[in-house]
Ligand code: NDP
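In structure tokens, the next block holds one chain alone, the form predicted on its own.
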Amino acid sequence: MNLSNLSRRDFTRLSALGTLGVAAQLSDLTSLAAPTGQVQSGPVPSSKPVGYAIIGLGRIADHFMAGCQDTAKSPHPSKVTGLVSGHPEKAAAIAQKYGVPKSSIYTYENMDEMRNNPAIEAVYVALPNSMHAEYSVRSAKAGKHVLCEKPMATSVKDAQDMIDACKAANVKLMIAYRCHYETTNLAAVKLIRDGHLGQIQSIQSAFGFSCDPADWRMKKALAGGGPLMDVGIYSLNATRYLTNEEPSEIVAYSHSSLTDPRFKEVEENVVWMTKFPSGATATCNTTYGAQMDGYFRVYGSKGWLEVNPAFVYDGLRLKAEYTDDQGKFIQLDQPNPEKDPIHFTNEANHFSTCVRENRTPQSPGEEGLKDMTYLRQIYHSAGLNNL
């Protein structure tokens, strides 16, 4: 496929590739095969919808539940079959919307009873960061596959505990890195993997916003950290999937206003610089003090590309300029033409396919653990004792 003239159909094919994952190298846009990852031993279950219990009913859970509805025509559809909430009235309203029976509504105290509910095969953990580990481990012990929001946890130890619990229970663990399954990010990765930008030299990325002082994100006990944990992780993870390398060196700096009461518990700004084994470098910024577009820009020996915005739910746009092997100058300016946000639908498709076909997710717990390790390095380099 000629990426210099991406059509709506081409982007649709790339969207379907969201179920394959970046690790597949995106080598054949016309082949919509099953997700990459090792096929594990054991019988393959029937292809009925995979039933999910949604743990935590906030805004991001709304997006995921809508994404599950959009998988109805998929080979391995996803369905909301359970809810876990501390707000009975809210849970009852959502249950009515998605056809969840009253017997499948749980509190945080009795959710372990899900082990006796065969309609629930997996959970989607959409709680504040500090609660990810506890409810992922409890779900695994109840025999349910776990799809957990990012960041994976608030410590490296908790991340490892999640991996260990899921392995011990023989259930799958996937971290919800939705950009791994999003059309425009996949198109950018393909341009790089196909060599159109040549040798990657440098990456710039940023993501931040002015955080409400009443937001749970401002409480370290719930969030584990500030913008680095919440939105900076998008830039960190992007530099890894864009280069297809792991960082070899990380240097970081942080600053928090002494006069802004919002930043008594979490950091305000973090900037970090990463070097990769190939020699490519990345400079990333994140903040809770100002609006900062979530984007990345990649410079290579043959040209550059930019996705701006790159990490939000809709309106993503890819731009690029490079010289092809025939010496032709190529310019791209391609907004994502799909109904947004496609990320959540692709994410649900991928995990449900992994459950049904007994495959390892493309963004497993080990992927989240790597980021937790790098986040710890960034914090420590910046003089902060997080993680």
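Being a predicted model, the structure only gives us computed values, none of them experimental. Numbering starts at 1 and follows the sequence shown.
Beyond what is shown, the protein has a form predicted together with this ligand; the following relates to that form.
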Since the partner isn't included here, can you check whether this ligand sits close to all of I192, K302 and D324 in the predicted bound form (heavy atom within 4.5 Å for each)?
no
4.5 Å heavy atom contact, G232 and this ligand in the predicted bound form
no
Can T71 be called a contact residue for this ligand in the predicted bound form at 4.5 Å between heavy atoms?
no
How about K79 - does it come within 4.5 Å of this ligand in the predicted bound form, if we only consider non-hydrogen atoms?
no
State yes or no: in the predicted bound form, is some non-hydrogen atom of S85 no more than 4.5 angstroms from a non-hydrogen atom of this ligand?
yes
This ligand in the predicted bound form: contacting segment from 71-79, 175-183, 263-271, 159-167, heavy atom within 4.5 Å
175-183
What is the one choice in H255, K141, K90, R317 with a heavy atom within 4.5 Å of this ligand in the predicted bound form?
K90
In the predicted bound form, the one of L197, A126, A238, A122 near this ligand [non-hydrogen atom within 4.5 angstroms]
A126
Taking this ligand in the predicted bound form, which residues of 212-240 have any heavy atom within 4.5 Å of it?
W216, R217, L222, D230, Y234
